[in-house]
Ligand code: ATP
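The form predicted on its own is given below as one chain in structure tokens.
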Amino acid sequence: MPLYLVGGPVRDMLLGRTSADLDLVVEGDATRLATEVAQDLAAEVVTHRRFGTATIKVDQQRLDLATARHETYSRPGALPKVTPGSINEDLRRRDFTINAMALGLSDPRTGELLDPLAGTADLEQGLIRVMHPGSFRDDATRIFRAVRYEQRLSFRLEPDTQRYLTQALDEGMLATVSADRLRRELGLMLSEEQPLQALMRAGNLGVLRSLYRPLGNASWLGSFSQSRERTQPLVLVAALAYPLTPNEGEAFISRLNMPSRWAAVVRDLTQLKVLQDSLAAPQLSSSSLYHLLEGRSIASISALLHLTPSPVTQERLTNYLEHLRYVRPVLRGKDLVSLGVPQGPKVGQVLRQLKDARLEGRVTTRREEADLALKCLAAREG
């Protein structure tokens, strides 16, 4: 069975970049071949016979094996109908010319580079080019991939390709794709080495507006550009929700069928934005600040730190992230019981008072905590 290395690994090899995974295509039954190889290697194998694909996992290595195939789309956004085909048909069904190359790994084509759509020329010119005008209509997730590859490789969209992309957005093609597939593509964008640049480019192209209209061009994300560290994906998920009301945040969560972690940071961010006046209020005590932020996700607080226009709020959020959230009383529940505090709810009440005192600097030692606990106990008994 003729075997080929295809797609991203070939592209990256020609660019002198490392590639984490190996994508192989066989003109034959890939699932059968993968099963036999996995047995020889004592490896795990996952097959998808509908698509003629299989994944072999050996330790931390992953090998993707697919039957060379031809695809047709019954409607925009639908999963393709797959039939076995030749390697040339397989390459012509792909998303971009730079991913439509193959390297022969078996005789008689060992070492031969197959490049039927001039992908090497586009690599040399730094262009992202689709295979045909209807590519983004067939599968609108390619819109996200075009942006990802453009930013990852420091390439640019070929002019016609950018025009096709804009037309697909104007025609509402993202609405043809399921929420789960859209969320996956957004997650892949957030996992890039430079996710902020990809998001900003997606905003400028109108991708985010088409994904969920209130996102607009996401220009507020520019506030992160001065950060020297890579922004974590969850922080960017929260940041996307910055202009949204709590109700719009819920609609955004529903639009992408967000998992619990994503949904939590979106909810926290929209609620924290409502509290911005309180967070910037004069004479806000450290304990009051702590209770305003207590239980909120660190990702949402970090996002607000970058996005709030208030220097006072920025200072207070930094204080919480770097100091206040770690403050704990030295005394524990058993220590309070030994001092005479009755077991039960009163222990928790006294611990909260001790924590507030610690936050405000009214106690700094174990002895001072014990004295305050006894005062609290005496006050309650009195």
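From 1 onward, residues are counted along the sequence shown. Predicted model, so just to flag it, every value in this text is computed and none were measured.
What follows is about the form predicted in complex with this ligand, which we do not show.
Next item on the list: Could you tell me which one of H306, R142, R296, R129 places a heavy atom within 4.5 Å of this ligand in the predicted bound form?
Entry: Selected residue: R142.
Next item on the list: Note which of R156, R183, R261, R152 lies within 4.5 Å of this ligand in the predicted bound form, where distance is taken over heavy atoms; exactly one does.
Entry: Here the answer is residue option R152.
Notebook entry, point to check: Can you check whether S210 is within 4.5 Å of this ligand in the predicted bound form, heavy atom basis?
Noted result: No, S210 stays farther than 4.5 Å from this ligand in the predicted bound form.
Notebook entry, point to check: So in the predicted bound form, does D95 come within 4.5 Å of this ligand, heavy atom to heavy atom?
Noted result: Although this ligand is absent here, D95 would touch it in the predicted bound form, with heavy atoms inside 4.5 Å.
Next item on the list: May I ask you to check whether R267 falls inside a 4.5 Å heavy atom distance of this ligand in the predicted bound form?
Entry: Heavy-atom contact with this ligand at 4.5 Å: absent for R267.
Note to self: Test of understanding: in the predicted bound form, would R358 fall inside 4.5 Å of this ligand by heavy atoms?
What the structure shows: No, R358 sits far enough from this ligand in the predicted bound form that none of its heavy atoms falls within 4.5 Å.
Note to self: Using a 4.5 Å heavy atom cut-off, which of 158 to 166, 247 to 255, 195 to 203, 144 to 152 contacts this ligand in the predicted bound form?
What the structure shows: Of the options, only 144 to 152 has residues within 4.5 Å of the partner.
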